[in-house]
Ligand code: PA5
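Given as structure tokens, the chain that follows is alone and in the form predicted on its own.
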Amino acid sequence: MKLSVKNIHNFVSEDEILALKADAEQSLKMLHNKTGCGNDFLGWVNLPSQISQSDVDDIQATADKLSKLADVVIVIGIGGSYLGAKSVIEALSHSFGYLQTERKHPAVIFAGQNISEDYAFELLETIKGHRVAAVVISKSGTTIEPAITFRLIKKYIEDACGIEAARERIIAVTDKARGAMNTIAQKHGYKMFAIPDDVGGRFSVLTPVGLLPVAIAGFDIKKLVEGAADMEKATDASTAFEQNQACIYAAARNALYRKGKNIEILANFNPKLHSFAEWWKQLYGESEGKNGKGIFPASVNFTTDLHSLGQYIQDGKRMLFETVLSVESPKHKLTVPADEENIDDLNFIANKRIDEINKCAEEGTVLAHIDGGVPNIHISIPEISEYNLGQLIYFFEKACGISGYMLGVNPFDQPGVEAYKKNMFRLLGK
């Protein structure tokens, strides 16, 4: 992974970023020494290097077992209980896999992230005739969106294959000792994986919360963990600011924030990274948006959104900056064919690789936005793979913790999330 902040120096100088060096390094030490706010939720900091081979093997064995029992696995969860897994699976999957009739691994469907009656009905309608299993992910078991969906899917599986067989087809990822979901799993004899007490949902991709669905989808969770572990080492407390990419990113975005740039747009030029941006938005939105502070996280999928939001980014109010997430090499090779008629006047790009054209669009967009007053941070990975996604996940997590401390908030709580629940339960008559 490579990070460049050179394209923000017209807006904040190198000296202004270096002025935040001590703050960033102190925040990094607070994460590792567990001396800052929310220090009881810092289990993710050393998680990649502490995941045991036996834990990975257990997750893989469970995934392999479900693959034999089911051709559709429904992952039930909301927020951090599904966004991380979905981001990795979508990035690594065939873009049109849903049209493929033959597959080596079960189709992974995500549910429990909304309260849409039509969504739930159509899900039940769609899975009829399939061999279905479920992974329910909930620390408490009482969050209403996944709880409702779990009731529906549990009943469906039990009706389809019987209560005894359902026990083999339902996996619970939950608190290790308490909560409604733990009680349900114990009562029904479901296989359980524990969510660590000291890891919050949005930081849980590298626990069974994310690793089990990714393994079920057929991807290499060992490589995912390996990438994260290498990034853990590269961004630890002993790494100097100038070489610590997590510190530099945190300092750069805080320097921009202090100059009035309070919206960060994560832009990608590869549609496979759409859900990765959704995970990133939760990570930074829940971590930093509190006490009247925080950079608002948004995302765009280019070049698609250049034809919708591009106008605002180019010419709108100048309170935003961009972080471009770039993939150096695509998986496949495809060139633009020549056309003798050339009615569209595009023969000048005949025989060029589509990725070459995409890279020119990326470079042209960055130049235009910088000229338009939009600072630009650039992050690139060699290719989309388990290893590189593991690096990105840990990089953004580490930078988020540092940035939150620099901002002066507790990055590891989310008190505002409970507000809507209180009103909803009151209106429902609880």
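The shown structure was predicted, so the numbers you read here are calculated from the model rather than taken from an experiment. Numbers follow the displayed sequence, beginning with 1.
The protein also exists as the form predicted together with the ligand; that form is not presented, and the subsequent description refers to it.
Colleague: When the contact criterion is heavy atoms within 4.5 Å, does S87 count as touching the ligand in the predicted complex?
Modeller: Heavy-atom contact with the ligand at 4.5 Å: absent for S87.
Colleague: Using the partner position in the predicted complex, report whether T143 sits within 4.5 Å of the ligand, counting heavy atoms only.
Modeller: T143 belongs to the contact set for the ligand.
Colleague: Can you tell me whether Q414 touches the ligand? I mean in the predicted complex, with a 4.5 angstroms heavy atom cut-off.
Modeller: Yes.
Colleague: Using the partner position in the predicted complex, report whether R253 sits within 4.5 Å of the ligand, counting heavy atoms only.
Modeller: No, R253 sits far enough from the ligand in the predicted complex that none of its heavy atoms falls within 4.5 Å.
Colleague: Considering the ligand in the predicted complex, which of Q282, T303, N347, T335 comes within 4.5 Å of it through any heavy atom?
Modeller: Selected residue: Q282.
Colleague: Consider the chain as shown here, without its partner, and state which of A166, I78, A215, V324 has a heavy atom within 4.5 Å of the ligand in the predicted complex.
Modeller: Flagged contact: I78.
Colleague: Of 219-227, 265-273, 197-205, 126-134, which is the one stretch near the ligand in the predicted complex, taking non-hydrogen atoms within 4.5 angstroms as near?
Modeller: Only one stretch passes the 4.5 Å heavy-atom test: 197-205.
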